[in-house]
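There is one chain below, alone, in structure tokens, taken in the form predicted on its own.
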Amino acid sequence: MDIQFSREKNITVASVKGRIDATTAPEFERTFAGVMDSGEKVFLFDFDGVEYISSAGLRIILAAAKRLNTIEGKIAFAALHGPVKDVFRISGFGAIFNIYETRDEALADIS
């Protein structure tokens, strides 16, 4: 798994590639927590390069969302496809988070 962070329109964009599973989830959690600790509170996760996410990855996202909620932050997702899109749909994440078809659509709506 690889995560690259950038800033676009006052939004922290996390471009994620690879798998978010039991093996990579601790790194995902540490990296995401580190960026939140630096004061960032509005995130867009571009999952175009994510091929799989397990319950461990979903747990980290939920925990981060709870933490961000206390400081009026938010998380949105873009470019989900294949099994990742199915997992988000089945788990009910679509009712909890804003999910966009494309990164550009998300950036236009969030900002």
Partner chain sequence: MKITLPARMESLQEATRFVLSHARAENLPGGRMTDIELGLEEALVNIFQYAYPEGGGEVEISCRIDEGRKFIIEISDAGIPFDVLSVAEPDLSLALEDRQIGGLGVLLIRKLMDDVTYRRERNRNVLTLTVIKTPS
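Just so it is clear, the model here is predicted, and its values are computed rather than measured. Numbering follows the first chain given and starts at 1.
The form predicted together with its partner chain is left out here; the points below concern that form.
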property: R103: touches its partner chain in the predicted complex, heavy atom cutoff 4.5 angstroms; result: no
property: In the predicted complex, R19 touching its partner chain (heavy atom, 4.5 Å); result: yes
property: Proximity of A33 to its partner chain in the predicted complex, heavy atoms at 4.5 Å; result: no
property: Contact flag, S91 vs its partner chain in the predicted complex, heavy atom cut 4.5 Å; result: yes
property: T23, Y52 and I96 each touching its partner chain in the predicted complex (heavy atom, 4.5 Å); result: yes
property: Stretch 58-75: residues contacting its partner chain in the predicted complex, 4.5 Å heavy atom cut-off; result: L58, R59, L62, A63, A65, K66, N69
